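The chain below stands alone and is given as structure tokens, in the form predicted alone.
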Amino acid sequence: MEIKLLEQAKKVLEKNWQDGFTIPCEGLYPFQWNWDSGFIALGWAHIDMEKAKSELRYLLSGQWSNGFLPHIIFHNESETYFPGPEVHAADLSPYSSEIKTSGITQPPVLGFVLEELFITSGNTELDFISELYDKVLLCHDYFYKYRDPEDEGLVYICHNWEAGTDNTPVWDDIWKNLDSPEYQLERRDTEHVDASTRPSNREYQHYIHLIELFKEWKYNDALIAEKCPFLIQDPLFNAMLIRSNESMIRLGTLLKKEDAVRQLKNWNEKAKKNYQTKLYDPELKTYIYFDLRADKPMKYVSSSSFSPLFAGIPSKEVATEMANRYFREGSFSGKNNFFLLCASFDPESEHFDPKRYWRGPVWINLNWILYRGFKRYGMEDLADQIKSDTLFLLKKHGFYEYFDPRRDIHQQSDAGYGGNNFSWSAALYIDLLKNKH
């Protein structure tokens, strides 16, 4: 079964390969996505290192001159996705790429992805690391230069799509106070998958409204920081940046880039300190979000709340307390082992929805992040469980985009949702099976 599924995973990546890069899945996501490509490269590295390298080169070909790395690179033409390059109009920015892109970003995973590729290669790809290193460093520099107005080492996101967790209930309070126009949408996603598992039309109107504001401001970071109604310090986004800094420190040391290493260490020292003091909630005993516009914490628990484990942010004591509360005994494990790890939003919340995108379903990339986090803190029982649950979902249903977290539902019906033959689900399955470190 394992060998057969491994071959199927390879076929998913091969089918989605576009002569230089990989689309997340046919129809639903027909372009190159930022953090998708990072995770996809991890899978390619085990079966075709040249394609893994091409994946990252193609992604970075869309980088803007100020270091900004967009969330979509429109290398190709397609009518199956909305909003396309005309809606984003990223060329309004004086820094934009010659290649068509969006004007927003996604969680910065490339630093740790570069290190993973180097390790998977048997430490033989230092020339490739050297080729891309400065571009990734420039991306990190962009965040600290333009997205950290309080000089805290914590960067903000200005659009929910930048979080990667598009329609998490965390944003609901912001949408309630946002008087977005009722745009006539040309959505394509609901033509490909069940609308009941996707964000609502009203949510999409808020998403497009933010983009319209950015266009009005010509994607000027200073104006966005001053005026944007959505300005959030997100735990997942910042954990990915801190973890990528960590890898860039190790790779920079190998490349003898002393100034870069010094700068990265300074960023991380400040970031880790303020992450713990500002984003950790001692009552909830986990990490939450901070709304910079409203100047207040957002006390919600999601799978993003546990991503600091991957970046080594909490102390051993804090990490153990968090794991005990939420996974060994608490709401994410479910009473009597009711839930698979790890739901994308707190199953005990009234806002939890086990089928709708980031409002409850299990996502393979967050499971991979948490698996690595549990391993880092020596929590082998939880690492084994989340790996086992992940493999169960993929073996049972195939390489879907996201999955129902309710354990019993998988015995009754199909519980894989969103796009099928989804690239990062296949790629991370390959990595979970083949990676020995």
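The structure displayed is predicted, hence computed values, not measured ones. The numbering used is simple: start at 1 and walk along the sequence shown.
Although not depicted, the form predicted in complex with a small molecule is the subject of the following passage.
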Report yes if any heavy atom of residue 24 sits within 4.5 Å of a heavy atom of the small molecule in the predicted bound form; otherwise report no. yes
Against the small molecule in the predicted bound form, would residue 422 count as a contact residue? Criterion: heavy atoms within 4.5 Å. yes
Could you tell me if residue 307 has a non-hydrogen atom within 4.5 Å of the small molecule in the predicted bound form? no
So, residue 221 and the small molecule: in the predicted bound form, are they within 4.5 Å at any heavy atom pair? no
Testing 405 to 413, 47 to 55, 26 to 34, 383 to 391 against the small molecule in the predicted bound form with a 4.5 Å heavy atom criterion leaves exactly one stretch, namely 26 to 34
Of the options 246, 203, 189, 166, which one has a non-hydrogen atom that comes within 4.5 Å of the small molecule in the predicted bound form? 166
Proximity to the small molecule in the predicted bound form, single hit among 358, 112, 156, 332 (heavy atom within 4.5 Å): 358
